[in-house]
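Shown next as structure tokens: one chain only, the form predicted on its own.
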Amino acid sequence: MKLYDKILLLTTLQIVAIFIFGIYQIQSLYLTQKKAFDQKNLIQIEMIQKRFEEKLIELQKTAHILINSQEVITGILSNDTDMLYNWSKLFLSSSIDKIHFIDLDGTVISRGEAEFRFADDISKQFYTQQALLNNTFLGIDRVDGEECLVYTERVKQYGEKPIGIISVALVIDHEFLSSLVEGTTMSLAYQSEHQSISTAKERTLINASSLSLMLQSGSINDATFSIGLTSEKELLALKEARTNFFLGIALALIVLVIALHFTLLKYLKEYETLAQVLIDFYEDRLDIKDVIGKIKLSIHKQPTTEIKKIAEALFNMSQKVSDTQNALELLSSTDQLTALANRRKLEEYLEQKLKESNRGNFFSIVMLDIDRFKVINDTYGHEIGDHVLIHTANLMQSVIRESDMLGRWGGEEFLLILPQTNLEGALVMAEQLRSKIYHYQFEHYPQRVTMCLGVAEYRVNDTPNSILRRADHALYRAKNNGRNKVEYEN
């Protein structure tokens, strides 16, 4: 996998991991808030439930107070409408709308909420019948044409003898429902066969449930109290915030990956180009000169100063390596005294010429040896001997062609390789060299310097030893024939 792909993959995985953790945190926060929201609604429902139960308790409590009043008992026994009215007025409140005193025949003796309305027969009312039959009734019934929460109980003289009935009622209207849900975010609706009212403008409540009521079944059996939310704005806002977070995170992830992609393309690709050049050099697919060429070309393409400086540093370093390599190659192939090619270089060149000869090329070689060089060293010293060697090499180098290879074979011996040269041409060149040396006046050596030269032409199936041996034989024949001569082996 490429470096670009590795970095992109690893970075993306880390970013995704961070975002997944962020999503997990947001989802956890949402669930916590949702739980708090549900808990808040549950508390409000319980509070409304408790308020409702307090209303019922208030009805019963008021009725018991009146039932246990001796004045009320006296008033019922004496049908004293005015006294009962005055008593009942004291107990009318926001939780008590109606207080009726009824005799055992079902005739109203007095109404607390209506001073001059009495003596009418309500014996057919369900709550009246239930009180006469079962002693008490707590439920929903129509009282004077209005649906009410009604508590009725028989009034007993001395706790034993029934003398009448007290009915305490609370009208089920919008005001009653509003008092129950006041201070909450909940709404309450009442539905019966006669009416439908609600504290909410919307008809439908969200997450609605019924209040748990301990009421006796009455004439209005299908009446229900429903409680719920009219709006889930708070929860919807929470969901919307979560959705926005998710979308924001997804968008940020996409933008980050795209930005990372282009950043890597812009910077890392250039590093990869330079790195690939060095890898190719390490694996011998490029030599140092190819490396220098590629890096030099890339320097002008680098978009950033940082990468350009790296490329320039690699270029300078490669240049130094190349210079060092050239110096080592020159040192390994050059004779230090004469600056000609050394024996190793001559052998490589001779091998090359033999391979080329197999493809139809031809060449000749000349073996050269300075006559009586030992006498020069013994008579004038090695310093003069080196002087003769150096100037002899320079003289020969000045005569040969640029394509020819002249090198020091060893001691005072030299080897000249003449590409594309037959025996005749090689003899001409050998004679020019011999004559040049013979007629040259050395600065620090007063005697003439002569040379023997052995010439050999390439033959088919020649080897380095075979052609060198023929040239060497010719050289020794020149020495045996009086020196300062050119001989050849044909």
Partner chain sequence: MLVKLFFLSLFLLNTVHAKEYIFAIYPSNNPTKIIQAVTPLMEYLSEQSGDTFKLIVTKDYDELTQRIEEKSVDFAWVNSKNFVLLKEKKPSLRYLVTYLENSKSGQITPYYRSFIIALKETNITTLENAKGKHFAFTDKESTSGYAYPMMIFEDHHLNPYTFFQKVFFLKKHDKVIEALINHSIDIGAISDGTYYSAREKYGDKFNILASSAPIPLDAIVASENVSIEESQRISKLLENIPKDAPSNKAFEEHLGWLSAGFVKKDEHFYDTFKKTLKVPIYETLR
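What you are looking at is a predicted structure, and each value in this text was computed from that prediction instead of being measured. Positions refer to the first chain, counted from 1.
Quick note: we don't show the form predicted in complex with its partner chain, though the next part is all about it.
Stretch 117-125 is the answer when you ask which of 355-363, 319-327, 117-125, 274-282 has residues with heavy atoms within 4.5 Å of its partner chain in the predicted bound form. In the predicted bound form, none of the heavy atoms of W409 sits within 4.5 Å of a heavy atom of its partner chain. Residue contact with its partner chain in the predicted bound form: D105 places a heavy atom within 4.5 Å of it. With a 4.5 Å cutoff on heavy atoms, D287 does not count as touching its partner chain in the predicted bound form; it lies far away. D82 belongs to the set of residues with a heavy atom inside 4.5 Å of its partner chain in the predicted bound form.
The listed set I109, A341, I172, V291 contains one residue whose heavy atoms approach its partner chain in the predicted bound form to within 4.5 Å, identified as I109. When its partner chain is considered in the predicted bound form, only one residue from L77, I384, V181, A200 comes within 4.5 Å through any heavy atom, namely L77.
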